[in-house]
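A single chain comes next, written as structure tokens; it is the form predicted on its own.
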């Protein structure tokens, strides 16, 4: 079987990439190993993620489906009394700022909508599992071997593979990319479920809107999220150091029920009558960066190459935006541009990496100096942080802003992009210098229930 572009993964990244490729005149194959609908975390959208949907023509559909409207993010301090708020806001062509909104989504429904739309617009969706890449003598990716549901295998030859496999990081685990580094956030573990009976705010817009994202801070690396995903259900999760959980010797559900009320006083009052309607899921080891995530015949998108602390819900936004950015780069490659280069997608790679670096510096500043961060959010750099929270983190969006540069100064951090081979050397939160590259090629970083079985008792 042959195709111009093969997309591994039918989630929002893969579906978004497919729809933008179709606009470029390219009809890809999407390979998805799971049957949809399926449960997935990552339900809160930034303002710029909503703009991607609008550019794809989903604005009216999101309204018709009555997805909860998010007007902003409120972060509660340790006592639950003090908080700070960042609204969703947009920029016009003159770079004027105005209030806007985005959506919260139930991923089982949203992902189906996106994948079906990609198929309806011209993508071919196939259920199967990518097992290994097909490599040319020079190391270029020329396709993948697929195992179909009936157990048979087949090679799919292609000009470009887009790895949208998320935390499974298919091409990194196959050592097609550069090394995959784990970061200090890999010491954390996330527990999450869907609940009813949680108390929301009561407003219809602005700071008190009932569908805003709420974040509850306890202390460094101890926090919880509260994301309404329909009129009754809230996605709720908590993150703590992995050692804290292991020491309790509790099951995930026991730990979740016990720890959620203890994270923050304001959260405690909201969950007194909560009822779990979904099992408690677990993700350990979720911080990593893949070097050289683009090359001849391949691009890794979103979580397939990098993931940092999810506290401000940037994962869905970064994945969808990178998918949009990749489409014209793929078209240019198919037309012959960069075919004489070892990495035809160097410009795309650097552009994406700089954007996530800006995001990482912001998240690290929040954890390392939370009081200074709150001051910046309230006063000194409010507009710049409104931009960052909206997902405007790329260099064509006036980044790094004065806020990001101030964060780097406070963190005693520099970013050097002068040398192509050096720019992505990990620094800051995601890198243990003493451990270097750490991963087993056949063990995805995001094992869940399997890890629970093997954890120390």
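Residue numbers count along the first chain shown, from 1. The shown structure was predicted, so the numbers you read here are calculated from the model rather than taken from an experiment.
If you look for the form predicted together with a small molecule, you will not find it shown, but the lines that follow are about it.
- Judged by heavy atoms within 4.5 Å of the small molecule in the predicted bound form, the contact stretch among the candidates 346-354, 240-248, 163-171, 331-339 is 163-171.
- A single residue from the set 395, 34, 416, 60 has any heavy atom within 4.5 angstroms of the small molecule in the predicted bound form; that residue is 34.
- Proximity to the small molecule in the predicted bound form, taken as a non-hydrogen atom within 4.5 angstroms, holds for one residue of 326, 316, 224, 300, which is 316.
- In the predicted bound form, the small molecule stays beyond 4.5 Å of every heavy atom belonging to residue 6.
- Contact check for residue 411: every heavy atom lies farther than 4.5 Å from the small molecule in the predicted bound form.
- Contact annotation: residue 41 falls within 4.5 Å of the small molecule in the predicted bound form, judged by heavy atom distances.
- When the small molecule is considered in the predicted bound form, residue 130 lines it closely, a heavy atom lying within 4.5 Å.
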